[in-house]
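To begin, one chain is listed below as C-alpha cells, in the form predicted on its own.
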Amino acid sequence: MSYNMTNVLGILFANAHEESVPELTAKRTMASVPFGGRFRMVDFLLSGMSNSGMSKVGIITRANYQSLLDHIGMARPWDLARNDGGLTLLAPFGRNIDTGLFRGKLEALDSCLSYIRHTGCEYTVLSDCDLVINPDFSKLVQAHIGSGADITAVCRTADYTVDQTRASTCFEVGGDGRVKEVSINRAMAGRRTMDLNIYVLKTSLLISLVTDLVSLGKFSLSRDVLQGKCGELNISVYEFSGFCMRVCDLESYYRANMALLCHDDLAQLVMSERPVYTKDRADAPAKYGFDCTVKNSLVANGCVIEGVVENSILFRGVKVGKGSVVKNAILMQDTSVGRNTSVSNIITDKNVTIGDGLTVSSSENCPLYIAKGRTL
C-alpha cells in the first residue's frame, strides 16, 4: 500500500554549493542556474516532488534570489499554486550576529521551524538544488518507511576521482544498508558511495535535531547530524540508479548539459510519466533559415538560426547569423551570434552579444564562460 505523499513536506536549499560555480551564481542562486535549453536547476527537484504527489514545498533562500522569485512566480507550472500548502519561499534568517544570515542548513531550518510545524506533515524530504535528476520521491519515502531507519540518505555508488570526492560526503555502508561511517571532504579516488544530499526523515525527528543542535551552536547537517550522530541514529541509504549529474564546477555544468545530447540520457531525465516542468515564456517556434544546418543539438523556442549549429544547446531567443558556426556550445537566453563568426566550447550567459567575423573558442575540459550582458 503506497503512502499518502500529501503528508510529506519538501524543503529545498536554493543556495547550497553555489560557491562551487561562482561564474554562474554571482547574481543568482544555484536553484535558478539555467540548464538544458529551457530549465532552471530547481525545476528537476520541484517537478519530482510534484509528480510524486507532494503538495507542500518550502524553498530556503539566502542571497541573490531575485531571479528565483521571477522564475517561480505563483508556482503554477508545478501545480503548487494552492491556498492550502503549495510552494513557500522562506526567509534567509539565522543566528549569525554579524550578518543575520544562517551559517548552515541546521540554522536555516531553525529559522523556519514554525513553517515546518504548521504544515503538519509526518515526513520531510530535504534536498539541495545542484543535481540534474528526476527522482520518484514516493519510492524513496516508501523505502524509508519500510526500512525502519531514522534517516534515509539518497546516494550513488560509482567510481569517483579525487576531485569529485574532495568536496563531497561519502558513506561506508554495512550489509544491512545502514551507514557505519561518514567521510566529509576526504579526497579519495576509487569506488565510493557518495551522498547526493537528499534525505527523508520524520518531521518530529527533524524538529528535535534542529532544536537540540542549534542550541549547542552546531549548524552543519552533514557534520553534526550524519557524521556526529552516525552511531546513535539508524541512517540508511537509498541507491539512486537513474540519470544523475551534479553541478560542482563549470566543467561539470558543461558536461551535464552536453549529456542531454545523448538520446538515452535525455530520455531518462525527461520522461513522459514524470515530466520536468518549468516557466513558459510563450515564444514562437524556432525559425530555421534556408541555408542553415543543425546537427545533434537542443534548440529552444524563439531561436533564429541562419548558420551552422552542431552538438550545442541553445536557450530561448538565441540568434545565429549567416555564415556563423556554433559547435559544442551552450548559449543561454537571448544570446546573439553575428555573421561569419565561429564559436566552440563556450558557455554564454544571458543576453551576450558576439559580433561579426570573430573566432571564440576554448577546450572541452576548460570551457570559456562569457558573463551575462557582455558584448564581444
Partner chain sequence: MYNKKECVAMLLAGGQGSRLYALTKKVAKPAVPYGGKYRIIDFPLSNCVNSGIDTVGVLTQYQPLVLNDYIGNGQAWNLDRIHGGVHILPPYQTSSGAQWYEGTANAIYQNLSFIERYDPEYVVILSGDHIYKMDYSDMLRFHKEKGAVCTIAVIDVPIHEASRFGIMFAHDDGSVYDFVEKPKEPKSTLASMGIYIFSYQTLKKYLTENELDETATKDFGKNIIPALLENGESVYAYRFSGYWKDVGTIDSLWDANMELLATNVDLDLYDTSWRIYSNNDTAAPHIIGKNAKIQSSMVTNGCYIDGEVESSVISGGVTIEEGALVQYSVLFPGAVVKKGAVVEYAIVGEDSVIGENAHVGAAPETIENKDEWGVAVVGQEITVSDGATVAPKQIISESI
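None of these values were measured; they are calculated from a predicted model. Residue numbers count along the first chain shown, from 1.
Another form exists, predicted together with its partner chain; not displayed. Remarks below refer to it.
Partner-proximal stretch of 64-72, 344-352, 51-59, 30-38 relative to its partner chain in the predicted bound form, 4.5 angstroms, heavy atom: Every other range fails; the passing one is 30-38.
Val162: touches its partner chain in the predicted bound form, heavy atom cutoff 4.5 angstroms: No, Val162 is distant from the partner.
4.5 Å heavy atom contact, Arg103 to its partner chain in the predicted bound form: Arg103: no contact with its partner chain in the predicted bound form.
Proximity of Leu216 to its partner chain in the predicted bound form, heavy atoms at 4.5 Å: Heavy-atom contact with its partner chain at 4.5 Å: absent for Leu216.
Just to confirm, Ala91 within 4.5 Å of its partner chain in the predicted bound form by heavy atoms? Ala91 lies outside the contact set for its partner chain.
Can all three of Val276, Pro285 and Val299 be found with a heavy atom no more than 4.5 Å from its partner chain in the predicted bound form? Yes, the whole candidate spot contacts its partner chain.
Exactly one of Leu250, Cys292, Ala143, Val173 has a non-hydrogen atom within 4.5 Å of its partner chain in the predicted bound form; which residue is it? Of the listed residues, the single hit is Cys292.
Counting any non-hydrogen atom inside 4.5 Å, which residue from Cys112, Val270, Leu209, Leu201 sits next to its partner chain in the predicted bound form? That would be Val270.
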